[in-house]
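Taking the form predicted alone, here's one chain by itself in C-alpha cells.
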Amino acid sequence: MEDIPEVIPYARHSLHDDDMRAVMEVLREDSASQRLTQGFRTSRLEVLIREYTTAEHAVACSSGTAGLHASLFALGVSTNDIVITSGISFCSTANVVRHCGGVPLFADIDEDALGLCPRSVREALEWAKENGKRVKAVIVVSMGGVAHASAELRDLCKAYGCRIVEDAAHTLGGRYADGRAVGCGEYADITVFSLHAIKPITSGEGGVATTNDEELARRMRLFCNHGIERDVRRFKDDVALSAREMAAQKMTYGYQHYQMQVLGLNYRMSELHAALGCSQMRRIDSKRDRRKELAERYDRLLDDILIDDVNPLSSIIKPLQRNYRERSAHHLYVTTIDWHRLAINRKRFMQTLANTGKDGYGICTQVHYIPIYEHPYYREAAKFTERALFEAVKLPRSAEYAKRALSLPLFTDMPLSAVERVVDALKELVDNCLKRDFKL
C-alpha cells in the first residue's frame, strides 16, 4: 500500500540516496583536489545534456533565467529590439528581454497545447513589419513540458529573418513531433532548460542551454563568466599576448592573464549543483515515464467519475495537453475549470482544497500562470515603451485560459493512490458547488 502524504503538494523534488552521495562527494574530496565551482562536474553535466539531446554544445548556468538572459545576449538583443513571446509563462521569459533593453511583444497561445500559436506569431511579425519595427527574436515557450508547432514556428521565423530561443524550462526529457529530443538544435537556435527544485530533473537551482552554433555557445559562456575571456587567441587589441609571452608570464609570475571583453554576469553553476544534476540525469527517462503514468491516471479518473450521474468530471475540470502525453516531459498537469458553472471563484476553490481541517482536503494546487502582461510592471508599459506594442496582437485564448487555469498535483514520487484522493476530493467539492451546498 502506497503512503499518501497528509498534505499533497502541487509539486516537489525527488531525491534518492545516490543524489545525496553525489553532493557529499564534492564536500568530502581531498582539499588539494576539491573544487566547489568551475570543476569537472559542471563539464560532465554539460556532456550528459549534450548526449541526451544530441545538441553539439551545452552551457550550464545558475538558473533557467540566466540561460535565457545569456541566450538573448548571444543573439545580440539590445536596446529597443522587439522579441515576440507568450504571455502565458513565468515572468522571467519576458524579464530577460527587458534586462537586455528589448521590448516583449506578446502573441497568443494554442488553446490545448498552450504554446505559441503560429498564426498569432505571424500576426505579430506582420504588425512589426508594417510599423517599421524589426523583430530580433522569438522566445517559444514549451509550456508544461510540451513542444508545440516547432517546425512551423521555425520556418516562420526563418521567413521573417528572426532567431528562435526555446524556453524549455519545463521540457527536459520531452520530444518534438518527429521524435527528436527537445533541445537537439533542429527547431531553435538556442534551447534553455531549467533545473529548478521542482522540475523533473533538478540541480536545486540551475539551467542548461543547448545549441548547434559554436559561436553562440562561446558568447553564452563569456556572458555567464563576467564577460571574461581567458583564451589568448581571442584577446583584443594590443593587450593580447603571444602564446610564447603567455607561457613566459605564467612561468615567471604564476599569473593567468585574462580580459573582460563584454559586460557579463556571474551566472556560473557550482559543483554541488552540477553533482546533483549529473546524478538526476541517470533517471531522466524513468522520471518522465512515471509522470506520464500519473497524468494518464488523472485523465482516466476525470473521464470515468460522473457528476449528476450523467456527465464526466472532465466536463467541468478539463485536462489540457492530452494529445501530447506520448512526448511531453509532464512537468505540469494543467486543467481549466468552469468556475461560472460551479458558482465559485478560483481562490476559494483552491483554499478549500488546501485546508487541512474538517472542511478541507489537504491538497495544494497552483495557477500557471498569472499572464505576464497583467503584472503591474508590464501594465505600466507606457513608462518604458510604446503602449501600442502591448496592444498590437489580441490575446483572447490567453485571456480565457488564464481565467480558468488550475494545475493539479504532479510530482515523480507521487503515489498513484494520491491521484485518486485528489480526484475524489475534486468530485466532492464539485458536487457541493453544483448543489449550492458549499459552506464557508
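All values reported here derive from a predicted model rather than from experimental measurement. When you see a residue number, it is the position in the sequence shown, counting from 1.
The form predicted in complex with a small molecule is left out here; the points below concern that form.
Colleague: To verify the annotation, which of these, Arg175, Arg290, His196, His148, has a non-hydrogen atom within 4.5 Å of the small molecule in the model of the complex?
Modeller: That would be His196.
Colleague: Looking at Thr85, Thr210, Ser328, Ser89, which has any heavy atom no more than 4.5 Å from the small molecule in the model of the complex?
Modeller: Of the candidates Thr85, Thr210, Ser328, Ser89, Ser89 is the one lying within 4.5 Å of the small molecule in the model of the complex.
Colleague: Indicate whether Gly206 is a 4.5 Å heavy atom neighbour of the small molecule in the model of the complex.
Modeller: Yes, contact at 4.5 Å.
Colleague: Spell out, yes or no, whether the shortest heavy atom distance between His273 and the small molecule in the model of the complex is within 4.5 Å.
Modeller: Contact with the small molecule, no.
Colleague: So, Gln280 and the small molecule: in the model of the complex, are they within 4.5 Å at any heavy atom pair?
Modeller: Because no heavy atom of Gln280 falls inside 4.5 Å of the small molecule in the model of the complex, the answer is no.
Colleague: Applying a 4.5 Å heavy atom distance criterion, does Val141 contact the small molecule in the model of the complex?
Modeller: Flag for Val141 set to yes.
Colleague: Can you say which of 390-398, 407-415, 22-30, 58-66 gets within 4.5 Å of the small molecule in the model of the complex, counting heavy atoms only?
Modeller: Only one stretch passes the 4.5 Å heavy-atom test: 58-66.
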